[in-house]
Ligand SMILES: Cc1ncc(COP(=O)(O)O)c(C=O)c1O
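What follows is a single chain, given as structure tokens, in the form predicted alone.
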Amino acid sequence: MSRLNVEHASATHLTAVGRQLLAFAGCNYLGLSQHPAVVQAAQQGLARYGISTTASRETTGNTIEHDLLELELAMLTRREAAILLAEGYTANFAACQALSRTHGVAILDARAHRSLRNAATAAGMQVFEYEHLCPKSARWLVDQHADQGVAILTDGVFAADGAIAPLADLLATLPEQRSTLLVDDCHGLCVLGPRGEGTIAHLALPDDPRLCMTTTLAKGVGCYGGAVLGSTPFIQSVRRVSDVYRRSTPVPTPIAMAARAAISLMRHDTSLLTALRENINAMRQALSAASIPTHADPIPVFTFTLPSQDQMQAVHDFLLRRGIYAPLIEYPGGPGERYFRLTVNAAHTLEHIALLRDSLCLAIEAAGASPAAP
């Protein structure tokens, strides 16, 4: 299906082509993008600061809101320090620009987000791939290039299939000196961990100066922007040498204020994360009722294919006629060239999920399709 021209959106519904649709799409995992307190914070920021700082942070474009958001992000993720970037994509560029001063080689998961490869290449690092989710493959490459300084780059949670990276085993492959494990945790933050801290906390990794992460504020936090998080020396290095940080205008201050409000809500209202996890379980049961294989991890992303493109299109169109938007996408790293990618968030109700279940069962039966294993 071609991209939608969305005319209106809430956490659970969107309006397109004049129709309101129940949507299982996007990455607004806690439903915070439309939360009244988050919207109010942005409105207050507009009144206080206007739309943009109009300058880079290291000249005249810094505000106390940016400084406070960095502190709160570091506290949330249990990292020593954080630095804000304009978005998640550029956060990887900033991290790699700092890493490239001491690391000559980047070793990437074969299905890592394209921004990691682009960032490492642009920073002048040699780039090699290891087999998806395979620490043994990564170790072989690390052993070949350890004398040049190596960084393993991986998603924490892979957006296309919901897989969780084996971070502990990857960290164990690294030498003690001139090595880093960089985790792009755009889909783990606000989803995994005891309080939504992310994949590193979910896997209970120990504090280690070789471990750093990047993330976006546009998914679980429901706002916009990006961040690099890690040891204080590493974050100071990013601030000192990263051109993409030093020479760009930061996330607008009203959005930084909205992100602070979103983080505060998440930290003080555990019901949001509880609702998300309950809905993940309900979604898993709903898809299983339609004979769709699912993963067992607490990830709100569910992907699957059907035997033929025609059947997938028929199921997609059937659901759309019933007022349900279940994205059929083309995106790297998924179970097929084209596949369904459904997401559930904390704002969905059990009634929403039951409607999807019943409609999906009817759609698959009408199309004569049996889902393929992921």
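So that there is no doubt, residue numbering starts at 1 and follows the sequence shown. On a predicted model such as this, the values are computed, not experimentally measured, just so you know.
One more form of this protein exists, namely the form predicted together with this ligand; it is left out here, but the text below deals with it.
Interface membership of residue 115, defined by any non-hydrogen atom within 4.5 Å of this ligand in the predicted complex, is confirmed. Taking the partner from the other structure, this ligand in the predicted complex has no heavy atom within 4.5 Å of any heavy atom of residue 230.
Remark: residue 250 does not count among the residues lining this ligand in the predicted complex, judged by a heavy atom distance of 4.5 Å or less. In the predicted complex, this ligand sits within 4.5 Å of a heavy atom belonging to residue 89. The partner is absent here, but in the predicted complex a heavy atom of 216, alone among 216, 303, 97, 199, sits within 4.5 Å of this ligand. Only one of 186, 170, 83, 261 lies close to this ligand in the predicted complex, with a heavy atom inside 4.5 Å, and it is 186. Stretch-level contact check against this ligand in the predicted complex with heavy atoms at 4.5 Å: of 107-115, 68-76, 292-300, 279-287, the positive one is 107-115. Along 319-346, one residue reaches a heavy atom to within 4.5 Å of this ligand in the predicted complex: 331.
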